[in-house]
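One chain is shown next in structure tokens, namely the form predicted alone.
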């Protein structure tokens, strides 16, 4: 049987070397080394061999099998190396096909740019839940019980709102400011942080309003913080966003969570202050409320207002994007129209 093994091995090696393709090589390998191959069939005759000779024959069969497997692997590599990666008739000098590429949504890009600007000023980036409650959205922010913002005409309340109050009455967050109270309750002052995210309002959409839009809130709490620091913060951030100095004005305004409160406007960059539909032909666009946190808000956050003071700003991110790119309708950014969004890649 040793002679038979040697003859079989020689014949199999010749068949392996003669295989012209990888597919035919696989057939040769199966014909000689497979479960129904010729080597397996030959070894079935071991039961007829004297027990004293079986060990030597089995060892010789294993060696032959290893040599044949190695030869098949080497032939496969040789066949693969011999095949050209370029199809026949293909012109390698022809320009390739341009592959489509994606990009960040312009609102997302502006958020990242603001993140960079604020972190360079030592701010922490905070994130909070989009499902809020009456406690954080209104009670902790000094909203009176009869404030119209608590009504369903303005806020999206979740099921069960008529039978629950406070922390048990849930809603889609109508603003980000409630998240600042969550932050204050879990951090020790002094601190400075930003809080970006999507908010939801039950209102009619138009060129400058959406039902689901993005805000970007910042809060500084220090022992002593002059009011001029807040104005400088606004100017610095807008300059970082637009790459140039932006005219800003601050008007007295009422917001329950700040005292005193301010409407912070920037000159409309769509019309450069001349007046257009975006700024309602006044040349200015409201981009954020701001001011020092109301003492009741600091108390809700576990901070003593007699020892600490601060400054809020709440940026309307969508409106800043409109200013950045000179777009006169915010609804374009929420339309999922790839023809429009593809311009910003």
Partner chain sequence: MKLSLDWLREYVALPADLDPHQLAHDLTMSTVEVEGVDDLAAGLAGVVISEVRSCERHPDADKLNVCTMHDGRTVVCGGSNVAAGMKVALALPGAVVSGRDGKPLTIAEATVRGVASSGMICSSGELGLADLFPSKGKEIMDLTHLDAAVGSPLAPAIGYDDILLEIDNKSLTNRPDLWGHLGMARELAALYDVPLSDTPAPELPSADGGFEVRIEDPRCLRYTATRVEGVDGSAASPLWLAARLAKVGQRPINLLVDLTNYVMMSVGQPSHAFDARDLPERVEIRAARDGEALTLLDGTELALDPQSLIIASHEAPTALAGVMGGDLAVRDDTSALWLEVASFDHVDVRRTARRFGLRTESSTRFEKGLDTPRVEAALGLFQDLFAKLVPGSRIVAHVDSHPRPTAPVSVSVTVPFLHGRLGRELGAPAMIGLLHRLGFCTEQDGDALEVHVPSWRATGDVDLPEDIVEEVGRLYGFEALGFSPPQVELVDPVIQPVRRMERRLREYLAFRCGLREVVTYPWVSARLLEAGGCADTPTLGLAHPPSPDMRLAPSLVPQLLSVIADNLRYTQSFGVFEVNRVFHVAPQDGPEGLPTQPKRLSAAVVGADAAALFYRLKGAVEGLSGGVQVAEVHCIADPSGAPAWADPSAVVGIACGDTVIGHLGVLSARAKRLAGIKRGEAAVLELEVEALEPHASRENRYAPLPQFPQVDFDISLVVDRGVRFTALREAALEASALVLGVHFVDEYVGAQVPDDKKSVTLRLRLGAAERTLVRDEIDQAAAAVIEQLSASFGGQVRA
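Positions refer to the first chain, counted from 1. Note that the coordinates shown come from a computational prediction; the quantities given were computed from them, not determined experimentally. By rigid core we mean the largest C-alpha set that fits within 1.5 Å across both forms.
Beyond what is shown, the protein has a form predicted in complex with its partner chain; the following relates to that form.
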Its partner chain contact in the predicted complex: residue 329, any heavy atom under 4.5 Å: no
Its partner chain contact at residue 111 in the predicted complex, heavy atom, 4.5 Å: yes
In the predicted complex, residue 259 touching its partner chain (heavy atom, 4.5 Å): yes
Contact of residue 294 with its partner chain in the predicted complex (heavy atom, 4.5 Å): yes
Partner-contacting position among 71, 225, 240, 270 - heavy atom within 4.5 Å of its partner chain in the predicted complex: 225
Which of 71 to 79, 90 to 98, 249 to 257, 271 to 279 lines the interface with its partner chain in the predicted complex (heavy atom within 4.5 Å): 249 to 257
In the predicted complex: members of 18 to 32 within 4.5 Å of its partner chain, any heavy atom: none
Core-superposed comparison between the shown form and the other one, residue 279 Cα displacement 2 Å or beyond: yes
Per-residue C-alpha change between the shown form and the other one, residue 100, threshold 2 Å, rigid core fit: yes
